[in-house]
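In the structure tokens that follow, the same protein chain appears in two forms, which are kept apart as structure 1 and structure 2.
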Structure 1
């Protein structure tokens, strides 16, 4: 892939060519997703695999007479290579369009906006990554994946809107294992490599691993006072993107927040959720080139004040769109902090469970907001403010109206960004900014 400036130039040239190639009744959108990323895989505290991925993909959508067709094509940033592929793609979607059904809720480009958002970070060169990580974990069974480099998102359409977003970022997703297979999991991410913070994070994980070497304790099903660390809270917040905060899901009766919207239930006055793009981790524009507010409050003091409304939902249900993605999922969620100081977590927990991670989350009863899942990795039984033993895995089944409602005791004074570390098809961007949460009577069933 060419230099970033060359990529932007070629993208702009392709957009101009498309605008001139359209028939008068046609409209288009063109989206770019690209990256230049180093990947290093670790196993048993050694480098097992290293590689470089340079990739770009264009999505062309053509619209005419309430029909739309799209195709995806590679993007190299080389004009001579990309233009012939784009010409063929335009001919293909144009030929296909007449055979497709009319879409009554099709939203056509109508804005003329532009933005250019480039975040230059300070990343290690790939040759230095292993030396920055491994000396701290050479005495451990350390496994993980480092991914770092520049990611690009861009958008343009036939009305004149054009956006460009590029950011340097890295993620380190790792686990430490005991001899009997118990594990501690951690993630580190950012745009600037801060060696001291990364060493501190790895050292804290090693300390947790030492506690995992103690014999695990079986906990009987029941309700226990529980501290959910930020990574566990981020897992629960992810459920709001799946039949939660979506206006379409609410309109169709598929949302867990229906009770909250109708005023039949409330959440805690301590609970505040928003879409906050101030960190610049992800672009604010969506697949129609619409720009979301820099911050959109969604739940304020336990009350639902906004939902995520995309233009298609707005057209179908007569609502006002607010720059949401087509899927109406959270893109840059933030849960506001509380007053619980980090060094007081165990003391305030008293006797109960300390959960670092959760997994296998699913709705067990969506209309009532009940979520089921399993505890994962470093989870401990705590007595009178002291960690006593790791626990055997437990299944929980709890309603968000309880854990973020009447049983929410406090949230930590500090927040942590839990990064999205997915790398299917491309390296994911963004993360969830959350505090830890202290809950009374969290329900465990198995």
Structure 2
């Protein structure tokens, strides 16, 4: 990939060319997603696959006379390569537009405040990554993925708005396994590789793994007092992005929060959810160049005070847009902390289950907020405040109106950032800031 500065220059030149090529009645938006990424996949403390990916995609959306069409094309950062492709894309969408039906909820771009945000980090050169990680874990069954490099998100439109967001980042997402398949999970993320901290984290995980050496206990289905550690809470919060906090989903009967909105069910006054961009891990601008507020409270003391409203939804349903993405998903969620101190977690749990991670969540009945999924990694049976044994994995099936409502006992006083390590199509950015949660009576079914 060309140097970041060159990519920005080419992107800007393409934007200028588009602005000059537009007919007076046309408007456009142009989005860029780019990355130069290094991936190393580990298994059994060895390298399974290693490689580099250089990728870039431009999405041109053309709007005219209440119609719109888009074209996604490669972006290399080379003017001579990218301009002809962009020209063809413009011709294609222009040719198509007149044949499309009118879109009554089309939102045109408007002049917004532009931004430029570049985070330069200190990452390992790719040839050094395996040597930096593996010597610490050669005595373990270690599996996972290192992903690092530069990620770019950019936006420009015919009104003159332009955003540029570039960041160096890495994630090391890993698991350590015992001989019988019990495991602990770890994730490290940042923009600066700090070797000492990585080794310390891996060493802590190895120590945690020793706890998993005890024979796992089979727990019968039923209801148990349960502590959900931050990573498990982050998984539950991710469900709010899938038929949850979206205004359009609520309007169309597709949201699990319909009961809350209508006042038929309540959440705990201890539960507070917001969209909080203060950590700066992800860009605040959306696909129309609009900038989200630095913090937007969504659920305050159990009450739904805001939903995520994109401009299109706002136009359709007469709402006020709040800078949400077109998908109205959480981009930088935070669950506010409670009062449970870290050293009191086991004592307050008493007898029940300590869940470090969950797996494969899905709505089992979305209108009633019921979620099913599995326990995974470092989950324990606890008796009178003492960890007794790891457990055989259990299936849960529980309503968010129970675990974040009637049965929510407390949240931890401290929060953790659970990095988003997804890499479908491109490396994801950001994470979820969450505390742990203590629930009285979490339902397990299998």
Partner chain sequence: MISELSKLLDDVTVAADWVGFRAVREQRNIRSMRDAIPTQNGRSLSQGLMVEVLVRGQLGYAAVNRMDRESVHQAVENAYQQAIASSEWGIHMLTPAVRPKVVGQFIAPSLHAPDALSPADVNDILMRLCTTLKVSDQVVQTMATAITTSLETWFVSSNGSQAHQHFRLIETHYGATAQDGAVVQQRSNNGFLAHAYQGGWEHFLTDDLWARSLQVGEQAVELLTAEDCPTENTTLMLAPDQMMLQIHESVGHPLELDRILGDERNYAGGSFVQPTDFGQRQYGSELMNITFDPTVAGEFASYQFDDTGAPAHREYLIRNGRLERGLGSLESQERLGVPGVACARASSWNRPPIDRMANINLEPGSQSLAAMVSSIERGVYMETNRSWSIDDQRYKFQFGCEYGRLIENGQFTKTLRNPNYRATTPEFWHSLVQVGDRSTWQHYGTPFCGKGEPNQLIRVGHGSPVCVFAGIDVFGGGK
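None of these values were measured; they are calculated from a predicted model. In this text, the rigid core denotes the largest set of C-alpha atoms whose superposition between the two forms falls within 1.5 Å. Numbering follows the first chain given and starts at 1.
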Between structure 1 and structure 2, the form predicted in complex with the partner chain: 2
State yes or no: after fitting on the rigid core, is the Cα displacement of residue 145 between structure 1 and structure 2 at least 2 Å? no
Using a superposition on the rigid core, decide whether the Cα position of residue 278 changes by 2 angstroms or more between structure 1 and structure 2. no
Rigid core fitted, then: does residue 50 show a CA shift of 2 angstroms or greater between structure 1 and structure 2? yes
Any chance you could measure the C-alpha shift of residue 196 between structure 1 and structure 2 with the core superposed, in Å? 4.3
